[in-house]
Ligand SMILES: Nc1ncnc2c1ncn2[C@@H]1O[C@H](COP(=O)(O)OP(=O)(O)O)[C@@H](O)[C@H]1O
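Encoded as structure tokens, the following chain is the form predicted alone, with no partner shown.
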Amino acid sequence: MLAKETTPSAIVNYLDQYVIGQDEAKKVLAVAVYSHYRKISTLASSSGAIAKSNVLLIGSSGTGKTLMCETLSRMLGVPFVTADATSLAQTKYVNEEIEAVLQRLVDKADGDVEKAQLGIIFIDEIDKLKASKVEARVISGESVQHALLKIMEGAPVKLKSNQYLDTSNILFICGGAFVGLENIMSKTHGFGFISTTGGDNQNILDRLNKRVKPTDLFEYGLIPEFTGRLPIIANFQSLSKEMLVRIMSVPKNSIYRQYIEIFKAEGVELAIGPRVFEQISEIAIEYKTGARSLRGIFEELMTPVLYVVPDNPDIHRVEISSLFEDPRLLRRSQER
């Protein structure tokens, strides 16, 4: 399933080119993916059944959960689809909606069922399925959790195309912000009674106290059976201003690099000063949407410039030093 050189460290190195920060989450996810596909290879050459370990990603909106999963699937060359747990909870026909997600996975595999059966499904906002004081919401959220149990563990599902898709080897990754979970953890965690020796005592205790326990998820509102299908948990940290700045300019497919290429195609050099990225990051932090709002703010900055440039072939360089100052459009007749 995996090339010999596709080790967990190689997966992390690939992710580093496209995803900024989240080093611990990258390691957890890389090992989980490596282990998952190695298990499939082992199963193919033996008669024993191997339990599947799906993954739960915990982190606020815009911290890179979907991006990391999508990047992973691209590296591995497996089909990838996303689903929204909130949408699943708002329909009376949960099983039909789940089948539609599986059908999309087959479509992403160009109709190749065998390839689809090795894909990745990311279900976002899984925390929205928690029980609440509103009765209808309790029933809806828990019913979706129960509906997902069977396919997450592995089962043949008949699609509308009359094809059968076996979900046994599909890796399910669930994500959510889990707002308030830290309050539950602060009440339930305390491993001071564990016997440790040596200088790493505090590091061991700190690591245990940061770990999300199944009982924390039970108290949050996920049913035990559902939590049991997600044995691997990775935590995503909130993005700092410095990380947001890097997201816009460092990755291979960053928004800044994309626009450099767009302007280059017009014969124009684009230069954006560091302060601009800092200002955009500050606005994004105010919006409290993580990296999600970066593209929109950046696009808004570039729209008036890109409107003018194609009609003026004498412009050879665009300089932007602040969000609150007009860009400098340098023409070939002007001296620097």
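Heads up: residue numbers just count along the shown sequence, starting at 1. Please read all numbers here as calculations on a predicted model, not as lab measurements.
Not pictured, yet referred to below: the form predicted in complex with this ligand.
Item checked: Options 277 to 285, 298 to 306, 263 to 271, 58 to 66; stretch whose heavy atom lies within 4.5 Å of this ligand in the predicted complex -> So the stretch in question is 58 to 66.
Notebook entry, point to check: Honest question, do D124, I247 and R292 all end up within 4.5 Å of this ligand in the predicted complex by heavy atom distance?
Noted result: Yes: D124, I247 and R292 each sit within 4.5 Å of this ligand in the predicted complex.
Check: So which of L76, L171, V106, L239 reaches within 4.5 angstroms of this ligand in the predicted complex, heavy atom to heavy atom?
Finding: Exactly one residue meets the criterion: L239.
Margin query: Which residue, A25, I11, I20, I315, is the contact with this ligand in the predicted complex, using a 4.5 Å heavy atom cutoff?
Written below: The option sitting close enough to the partner is I20.
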